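Just the one chain here, laid out as structure tokens, in the form predicted alone.
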Amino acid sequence: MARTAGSHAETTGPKVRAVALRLFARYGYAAVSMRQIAAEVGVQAGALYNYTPDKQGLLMSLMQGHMHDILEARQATSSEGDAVQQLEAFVKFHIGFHLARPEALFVSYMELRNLEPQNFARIEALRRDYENELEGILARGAAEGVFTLDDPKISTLAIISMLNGVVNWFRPDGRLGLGDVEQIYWGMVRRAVGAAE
């Protein structure tokens, strides 16, 4: 298939993804058409299929890319220290990573329902890889007696849900800076798991 005049694979492909992410986050996956994405990118609708097989493939690519990015970034982060130190590092990592990518976070959680079953299973597996690290930290702290938990898995999901909420209200020019927010949320998580100060 011929490329649309004026488009360049190295710039148009990333632009397609960026536009789709913005539109999916703003209007929801179901409400956004390929024609709308193409118009925002500045190409004919048919040209989008040079970059993605279909809208479902585009959603899957965005969600999978987000999960690969967070797993790669997390792997590059030091995980030394005791369970309390590791939990603090995880909390601050999660907040900082997602404040730089609020649309990706929103799409990754809110659009799971629109994934076809095989794509849902793949994204769920990647999410479990990420959640398992936090669950392991909590289980370790509970076994060592430094955390008081009823259930590490439920605590994992509750903590991640709480941390995800930061992107809904945080503003870089607001009353609190990133460091302040990270410290406040770390304090709330620490108290939630019964860790001593």
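Predicted model only: the values in this text are computed from it and were never measured. All residue numbers refer to positions in the sequence shown, first residue = 1.
What comes next is about the form predicted together with another copy of the chain, which does not appear here.
**OP:** Let me know the one among 58, 137, 159, 41 whose heavy atoms come within 4.5 Å of another copy of the chain in the model of the complex, would you?
**Re:** Only one listed residue qualifies here, and that residue is 159.
Original post:
Only one of 53, 165, 65, 46 has a non-hydrogen atom within 4.5 angstroms of another copy of the chain in the model of the complex; which is it?
Top reply: The residue in contact is 165.
**OP:** Determine whether any heavy atom of residue 188 comes within 4.5 Å of a heavy atom of another copy of the chain in the model of the complex, and answer yes or no.
**Re:** Heavy-atom contact with another copy of the chain at 4.5 Å: present for residue 188.
Subject >> 4.5 Å heavy atom contact, residue 110 to another copy of the chain in the model of the complex >> reply: Residue-level check for residue 110: yes, a contact with another copy of the chain.
**OP:** Consider residue 143 of the chain shown here, and say whether it contacts another copy of the chain in the model of the complex, taking contact as heavy atoms within 4.5 Å.
**Re:** The answer is no: residue 143 has no heavy atom within 4.5 Å of another copy of the chain.
**OP:** Evaluate residue 25 for contact with another copy of the chain in the model of the complex, applying a 4.5 angstroms cut-off between non-hydrogen atoms, and reply yes or no.
**Re:** Heavy-atom contact with another copy of the chain at 4.5 Å: present for residue 25.
Original post:
When you measure heavy atoms, are 19, 79 and 82 every one within 4.5 angstroms of another copy of the chain in the model of the complex?
Top reply: Checked in the model of the complex: no contact with another copy of the chain for any of the three.
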